[in-house]
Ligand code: GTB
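First, one chain by itself: the form predicted on its own, in structure tokens.
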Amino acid sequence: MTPIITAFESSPDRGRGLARDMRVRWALEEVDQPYDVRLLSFKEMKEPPHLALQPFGQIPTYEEGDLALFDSGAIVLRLAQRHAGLLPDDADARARAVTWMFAAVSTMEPPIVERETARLVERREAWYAPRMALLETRVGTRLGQLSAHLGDADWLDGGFSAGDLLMVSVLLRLKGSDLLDEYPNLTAYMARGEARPAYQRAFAAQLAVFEATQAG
């Protein structure tokens, strides 16, 4: 049965590949799993049919027969567990890869998203400058720690895994900022992720949705 994911009908990232359905698309492409997409407007995301799948009114969701999941990290984990290619065969290495999945979404992503949110909605506040300095210090600390672990390796723990997929997805939210300037190994790490054919196919699919809305 072909799984169905939900995505923005009109993504606020304007085709940059940052909406969280991108992570699920990338995982599906990595494991060579065909999928269908149901596009939703912001209004539809807050209506009962979608809330029955995603109680917080967000995207993506994932439907596979009678199974319905939400949260991009949980969906990627399901795909990694169900299909070969995103988790190592060795049990200990597999556990470490899952650890990096959790680290990406629970340790690295929160300060990055908090900084992003502040830039978008708090810029006019009198306390914006000191708050932004604090947020960027927090992000910088995490980047430094991640950079030290990665060193000159290609991936976080041996071969590419779902942990790298989520970590690269999170780091891409900083693309275009100067926060990564001190960490050329992280910039190269992101570039390796973006260069993967599966990422390229997923990005093209998400970008096509944005371009269709612009053409319309």
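All values derive from a computational prediction rather than experimental measurement. Each residue number is its position in the shown sequence, starting from 1.
What follows is about the form predicted together with ligand GTB, which we do not show.
K.L.:
Contact between residue 58 and ligand GTB in the predicted bound form at 4.5 Å, heavy atoms?
P.N.:
It does: once ligand GTB is placed as it appears in the predicted bound form, residue 58 has a heavy atom within 4.5 Å of it.
K.L.:
Using a 4.5 Å heavy atom cut-off, state whether residue 71 contacts ligand GTB in the predicted bound form.
P.N.:
Yes.
K.L.:
Might residue 8 be said to contact ligand GTB in the predicted bound form, defining contact as any heavy atom within 4.5 Å?
P.N.:
Residue 8: contacts ligand GTB in the predicted bound form.
K.L.:
Should residue 12 be classed as touching ligand GTB in the predicted bound form when contacts are defined as heavy atoms within 4.5 Å?
P.N.:
The answer is yes: residue 12 has a heavy atom within 4.5 Å of ligand GTB.
K.L.:
What I'd like checked is whether 18, 45 and 173 together line ligand GTB in the predicted bound form, meaning each has a non-hydrogen atom within 4.5 Å of it.
P.N.:
Yes: each residue has a heavy atom within 4.5 Å of the partner.
K.L.:
For the chain shown here without its partner, which stretch in 84 to 92, 121 to 129, 71 to 79, 135 to 143 has non-hydrogen atoms within 4.5 angstroms of ligand GTB in the predicted bound form?
P.N.:
Looking at the partner contacts, the answer comes out as 71 to 79.
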